[in-house]
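Okay, so here's just one chain, in structure tokens, the form predicted alone.
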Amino acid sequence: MSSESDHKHNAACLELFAKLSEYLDQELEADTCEKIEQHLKECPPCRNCLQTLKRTVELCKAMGTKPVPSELSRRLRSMLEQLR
């Protein structure tokens, strides 16, 4: 018996991953949504991925917008410059 961790993603899984954000934002055609929903019914790992993405979006929205502290911003810019 295989577990979800043994799941091998197929082309349908990869196609779903590419469209998850648009699916959540209700930006896809109805037929595409139906295909995604059918896949989700049959694929527990993809359902889990969708639930994780939904939760991540909820958490980000709950955080609101706050400015990045100036010291952190300065350090990030310095690190990015070093990477160039």
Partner chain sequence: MHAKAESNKSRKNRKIDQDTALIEAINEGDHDLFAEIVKRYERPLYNFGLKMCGEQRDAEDIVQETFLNVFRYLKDFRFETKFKNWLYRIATSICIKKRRKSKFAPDHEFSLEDFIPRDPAAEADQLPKWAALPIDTVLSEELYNKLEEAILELPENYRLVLVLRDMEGFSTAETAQILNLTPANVKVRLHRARLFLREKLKGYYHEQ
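Because the structure is predicted, anything quoted here is derived from the model rather than measured. What we label the rigid core is the largest C-alpha set whose atoms superpose within 1.5 Å from one form to the other. Residue numbers count along the first chain shown, from 1.
There is another form of this protein, the form predicted in complex with the partner chain, and it is not shown here; the text below is about that form.
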{"item": "Contact flag, residue 40 vs the partner chain in the predicted complex, heavy atom cut 4.5 Å", "value": "no"}
{"item": "4.5 Å heavy atom contact, residue 33 to the partner chain in the predicted complex", "value": "no"}
{"item": "Residue 12, heavy atom within 4.5 angstroms of the partner chain in the predicted complex", "value": "no"}
{"item": "In the predicted complex, residues of 30-51 near the partner chain [heavy atom within 4.5 Å]", "value": "44, 45, 48, 49, 51"}
{"item": "Yes/no, residue 71 Cα shift of 2 Å or more between this form and the one not shown with rigid core fixed", "value": "yes"}
